[in-house]
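Next up: just one chain, as structure tokens, the form predicted alone.
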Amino acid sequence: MTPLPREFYARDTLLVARELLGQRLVRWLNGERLSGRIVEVEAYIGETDQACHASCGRTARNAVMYGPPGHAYVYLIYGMHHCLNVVTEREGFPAAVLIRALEPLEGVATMRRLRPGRPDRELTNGPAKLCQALDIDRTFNGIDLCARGPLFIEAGTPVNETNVGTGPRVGVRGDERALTAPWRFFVRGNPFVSR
């Protein structure tokens, strides 16, 4: 399969977030293909979104968010956990979609090795967990996800609207809008959704 085209990401962030459900995140690691079906995401949109990293303007940390769509924005939280986002919309406007959870599909034995002692259900059911299971770190920050490389997203199976749940984002800070915006999308009933 080939990576999703840039045009997929160069659209309204909420639309991209919804349509990422069911797509397949692929990571090539030491010649092995690891992949998972995207089952949960969150949208972060612009400097007026107080939960967005761009709410304080452009910084060295969030500069990738202001770049072209279809690139990875990877950051570290709590000084130890990586999170993978996909940059969306037009260049110069900071928006991205956080990949929150995957349903493991390929390379599960390697994911188990990278997350030892965890049951399969907990290999990729959170943004930091999936980065650990796929060995994604800050070296992927800025990588072009539209090119065939070590990390990309390819077409999967679309999720029917009746199977899509929405709700507020998890663990965010900010004003009432940031706390209540229904910008988290997930596949209803999927056991790999984070919560």
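Numbers follow the displayed sequence, beginning with 1. Keep in mind that this is a model prediction, so the values were computed, not measured.
Keep in mind that the form predicted together with the DNA is missing from the display, and what follows is about it.
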Note: the DNA not shown here; in the model of the complex, the stretch from 140 to 148, 45 to 53, 154 to 162, 26 to 34 having heavy atoms within 4.5 Å of it is 45 to 53
In the model of the complex, do 6, 15 and 67 all reach within 4.5 Å of the DNA through at least one heavy atom apiece?
no
Just checking whether residue 177 would be counted as a contact of the DNA in the model of the complex - the rule being heavy atoms within 4.5 angstroms.
no
Find out whether any non-hydrogen atom of residue 88 is located within 4.5 angstroms of the DNA in the model of the complex, and reply yes or no.
no
Using the partner position in the model of the complex, report whether residue 76 sits within 4.5 Å of the DNA, counting heavy atoms only.
yes
With the partner left out here, check for me: in the model of the complex, does some heavy atom of residue 118 sit within 4.5 Å of the DNA?
yes
Going through 109 to 141, which residues have a heavy atom within 4.5 Å of the DNA in the model of the complex? Please give them in sequence order.
115, 118, 126, 127, 128, 129, 132, 138
